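Starting off, we have a lone chain in the form predicted alone, written out as structure tokens.
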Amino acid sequence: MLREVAVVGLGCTGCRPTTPGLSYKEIMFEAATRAFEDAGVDPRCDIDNFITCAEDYWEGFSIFDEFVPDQLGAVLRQLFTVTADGLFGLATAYMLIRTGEFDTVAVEAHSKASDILTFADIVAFALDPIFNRPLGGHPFYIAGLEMNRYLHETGASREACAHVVAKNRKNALSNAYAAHGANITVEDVLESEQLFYPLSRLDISPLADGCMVLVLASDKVAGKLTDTPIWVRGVGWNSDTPWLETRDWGRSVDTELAAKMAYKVAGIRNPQKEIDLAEIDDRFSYKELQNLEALQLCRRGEAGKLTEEGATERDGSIPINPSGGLLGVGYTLEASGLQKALEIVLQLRGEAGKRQVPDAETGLAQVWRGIPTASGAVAILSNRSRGAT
């Protein structure tokens, strides 16, 4: 019988708009130290495997994983590199432990976005070199086109998207890890500078630096390490077509398929009733609405109305992004998914402080890897083991 897997340790540096006095190695060491202390383990002998989630283009040099082991305590140890978001790394750790070959795995993802001088150029470089890249311009025009199509197909309004921004930025004020908390109004969002129609400046998640490390363990050892294991009940991931010309612009197909996989593994049959809270991708404001529907947390076309009615507030019927989301915490590149998983774990442990969602037992973390990809991942976590349900 395949073993269960739990998150037993968390480490986070917090997110900041810029960290000029710290290198990526220093923030990684800080997060790892906190995670290992939280789990009560010594990485030199108690961690069977290490995973780092990084993309060489963000780092500015090739074969980035060569510069990782020292600060993770992984020198001369097994180290995997996942060139994708940290939530894909969590899924990889989950699978490694389920094989029965490993009992403990540490997953790391980080962002030093403030060191990047040509962010838009790196994103544009990922576009198809024949059909798309030669069009030029800032690549976020793709998000503007997708937002316009989504609003057209579902009837959601610009006001609903603005509600997402105001909600998440306000939620972030209660999160010590967040870089961009603010008390702004719907009107502030609607009146902010329009950049990529219909996206305004405040509809776009600002960048942030930060690092997250999670320690996962099998049920064989999880109970020995912590009194509050948070069980990974299911994971799912998917990549839709990379071709802009052939994708469905009104839906997030990769999220739909990743969620279907995660729900099947977790035994979730009715997400609206079985998921108590969710941290979902809000890289752009409309993505929260689009992903809310793709995750089956509401019906198609309902997300905008539910948001305007307050259902997705922290005290609403389906709390979404109580951490502040990427809009409030900051977009931390490949660490974005672990940022969301970390918040779900804190909520399920009852350690979220002022932003605590009461009586939460099962949470969902979802991430999209960003323009121009159609790749996403979903994780279902619970403070109840499968045998207890």
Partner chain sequence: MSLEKIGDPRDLTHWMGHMETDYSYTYGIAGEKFFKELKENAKIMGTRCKNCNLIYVPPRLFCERCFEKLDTWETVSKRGSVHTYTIANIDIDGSKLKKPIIWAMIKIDNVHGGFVHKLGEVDSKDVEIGMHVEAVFKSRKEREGSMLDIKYFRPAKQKLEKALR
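If you're wondering where the values come from, they're calculated on a predicted model, not measured in any experiment. Numbering follows the first chain given and starts at 1.
Omitted here: the form predicted in complex with its partner chain. The next part is about that form.
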Review point. Does P139 make contact with its partner chain in the predicted complex, using a 4.5 Å heavy atom cut-off?
Key: yes
Against its partner chain in the predicted complex, would H152 count as a contact residue? Criterion: heavy atoms within 4.5 Å. yes
| field | its partner chain contact in the predicted complex: R169, any heavy atom under 4.5 Å | value | yes
Examine T246 and determine whether its closest non-hydrogen atom to its partner chain in the predicted complex is within 4.5 angstroms. yes
As a check of understanding, the residue in G223, G301, P129, G267 with any heavy atom within 4.5 Å of its partner chain in the predicted complex should be identified as P129
Checking S174, Q296, S114, S157 against its partner chain in the predicted complex, the residue with a non-hydrogen atom inside 4.5 angstroms turns out to be S114
Of 56-64, 316-324, 354-362, 339-347, the segment with heavy atoms within 4.5 Å of its partner chain in the predicted complex is residues 56-64
Taking its partner chain in the predicted complex and a 4.5 Å non-hydrogen atom cutoff, the residues of 154-191 making contact are R169, A179, G181, A182
